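Okay, so here's just one chain, in structure tokens, the form predicted alone.
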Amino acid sequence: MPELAEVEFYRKQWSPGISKMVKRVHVHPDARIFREADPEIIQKQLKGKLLLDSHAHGKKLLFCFSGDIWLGIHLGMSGSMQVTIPEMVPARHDHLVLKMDSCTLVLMDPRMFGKVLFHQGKESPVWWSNLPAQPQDEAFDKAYFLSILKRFPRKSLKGLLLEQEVFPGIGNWMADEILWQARIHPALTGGELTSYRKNKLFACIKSVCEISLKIIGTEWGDPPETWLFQNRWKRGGICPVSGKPLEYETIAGRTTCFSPAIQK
């Protein structure tokens, strides 16, 4: 599933369409991604509009069009976005296609766990304006972080990091990376952490988000070789710090990779 940095990368794929007019709109009207929006209204209202701006927040995207139109996109598990030639012919999984004079913007989603939202009005829609602070935001400071731990003292840290209402954008691999870098076992709870470990966890959250956005969110690059990321994807991986085997457990309902040698 695309996480914070991948979503930012996909947002930028539609940047070539900014300030350009939508000449034609293609939709697959029966696609499940339109379960909370009317594809016919989207098709009708977007035609002739200019794409003005775009924003990413956690795992969500917002595209602003002239005519006070707001298009929200959640990529779900398999969604992705690309820009291609004006003459492209929509394929089976190209559920939303915006054709312009010089390019075509495409939303693809083979498994259709993602969704599209539509709003028209002067003010941004509630489903966007009420989103919580992101881990990389200034508003997400130490006091805010400690308040989250206080709210969920018995929840495993792996499960807590996956809660989008407080850690928007952090998904499975980022949660594992953060806890590995902080040297904290994923099954521990916030209530079990010392002040030192709380500070370490906060610093790693900020660092992993910042570096991921810089490397993946910009050019889809690979995280540093020293990260758990490079060793977690197949069984039999070795911890790059301890040199000992990584382990995999289901924690908070998700497959979790960690190094028992350094995450006590």
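No experiment lies behind these values; they were computed from the predicted model shown. Numbers follow the displayed sequence, beginning with 1.
We do not show the form predicted together with the DNA, though everything after this point is about it.
- For the three residues K20, T84 and K214, verify that every one has a non-hydrogen atom within 4.5 Å of the DNA in the predicted complex; reply yes or no. Not one of the three qualifies.
- Task: Evaluate R32 for contact with the DNA in the predicted complex, applying a 4.5 angstroms cut-off between non-hydrogen atoms, and reply yes or no.
- Result: Taking the distances in the predicted complex, the answer for R32 is yes, it comes within 4.5 Å of the DNA.
- Task: Check whether P110 has any heavy atom within 4.5 Å of a heavy atom of the DNA in the predicted complex, and answer yes or no.
- Result: P110 belongs to the contact set for the DNA.
- Query: Can any non-hydrogen atom of G72 be found within 4.5 angstroms of the DNA in the predicted complex?
  - Reply: No, G72 stays farther than 4.5 Å from the DNA in the predicted complex.
- Query: Going by a heavy atom distance of 4.5 Å, is S15 a contact of the DNA in the predicted complex?
  - Reply: Result no; S15 lies far from the DNA in the predicted complex.
- Message: Just to confirm, with a 4.5 Å cut-off on non-hydrogen atoms, which of F118, W127, W173, Y144 contacts the DNA in the predicted complex?
- Response: For this set of options, the contacting one is W173.
- Query: So which of S80, S156, Q134, Q181 reaches within 4.5 angstroms of the DNA in the predicted complex, heavy atom to heavy atom?
  - Reply: Answer to the contact question: S156.
- Item | Answer range among 148 to 156, 190 to 198, 119 to 127, 99 to 107 for contact with the DNA, defined in the predicted complex as heavy atoms within 4.5 Å | Of the options given, it is 148 to 156.
- Could you list which residues of 75 to 100 come within 4.5 Å of the DNA in the predicted complex, counting heavy atoms only? Counting only heavy atoms within 4.5 Å of the DNA in the predicted complex, the contacting residues of 75 to 100 are G76, M77, R92, H93.
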